[in-house]
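The data below hold one chain only, encoded as structure tokens and taken in the form predicted on its own.
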């Protein structure tokens, strides 16, 4: 018993180091930010103001614009990215396909590029004299350059394209890994029974990948709610806050405008609440009871 007790203590000692680290650098900032959300003031001169910051959210047009834009990206981009990742993973899982490794690398490569670097490249590509406008004009599709970055509609399209380009390959890797665990005999039996490729995809592949689809959907949702780099570097949140996101608004409240860390913490907790609500909905829709 003494030996067992000593062995358990050693195990708890190793765990304790991680627990202390997580508590200091993760849980403490979360609790402190929650307390900060009930304070207001300029810079570090903060006073407790109760629920004033939370009430201010509903009358803040910039926050409403940021929330609307973030949900626009979320509703359009996440499903589109998941669908593309599923299609690419199925196509690149075909053992008869030549140069599979090359295609997999090409699609996954954007996921390991610098956020700032690729955002700046997209900004130059879609500028007034960028390669996209030049290409469309050479094909006589348009007669004059499109203001991709200064038009509210096209600016959102550029942001959505950029996010999709970067993260589709990242999700594809998860699906490819899961597809390796599906016994090929299941597909052979389905083909013998006369199932088409589309039926195999909808009746076998998607149900078998359900846990991974749920995981990638939740992580993609969280990532989109925290969207920051692309918007800041491509459009700067413009034109006129047409592309601003919640994360960029938090940054502006803290460092661009007159610092109001209490209200910034309140806005940041909106992301926390949205993540919890949307994750719960996704678990419910997926029928996952665990």
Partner chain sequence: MKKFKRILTYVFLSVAAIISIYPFFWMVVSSTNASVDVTRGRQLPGTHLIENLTNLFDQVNIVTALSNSFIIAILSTFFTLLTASLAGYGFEMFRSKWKDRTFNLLLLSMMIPFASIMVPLYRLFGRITPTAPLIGIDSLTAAFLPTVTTAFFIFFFRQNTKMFAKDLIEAGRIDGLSELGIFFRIYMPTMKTTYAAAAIIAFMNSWNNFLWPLVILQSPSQQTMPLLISNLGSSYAPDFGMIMSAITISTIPTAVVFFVMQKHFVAGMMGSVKG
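Everything numeric here is computed off the predicted structure, so don't read it as measured data. Numbering follows the first chain given and starts at 1. In this text, rigid core is short for the largest set of C-alphas that superpose within 1.5 Å between two forms.
We do not show the form predicted together with the partner chain, though everything after this point is about it.
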task = May I ask whether 36, 233 and 247 all come within 4.5 angstroms of the partner chain in the model of the complex, judged by heavy atoms?
result = yes
key: Heavy atom contact within 4.5 Å of the partner chain in the model of the complex, the stretch among 73 to 81, 113 to 121, 201 to 209, 145 to 153   = 113 to 121
query = At the 4.5 Å heavy atom threshold, is residue 92 in contact with the partner chain in the model of the complex?
reply = yes
inquiry  = Please tell me whether any heavy atom belonging to residue 240 falls inside 4.5 Å of a heavy atom of the partner chain, as the geometry stands in the model of the complex.
reply    = no
query = Within a 4.5 Å heavy atom cut-off, is residue 226 in contact with the partner chain in the model of the complex?
reply = yes
query = Is there any non-hydrogen atom of residue 187 lying within 4.5 Å of the partner chain in the model of the complex?
reply = no
key: the partner chain: the contacting residue among 64, 30, 51, 42 in the model of the complex [heavy atom, 4.5 Å]   = 30
message = Can you pick out, from 136, 106, 182, 157, the residue that has a heavy atom within 4.5 Å of the partner chain in the model of the complex?
response = 106
ask   = Though the partner is not shown here, which residues of 14 to 36 have a heavy atom within 4.5 Å of the partner chain in the model of the complex?
value = 14, 15, 17, 18, 19, 21, 22, 24, 25, 26, 27, 28, 29, 30, 32, 33, 36
request  = Taking the rigid core as the superposition reference, indicate whether the CA of residue 272 shifts 2 angstroms or more between the shown form and the other one.
outcome  = no
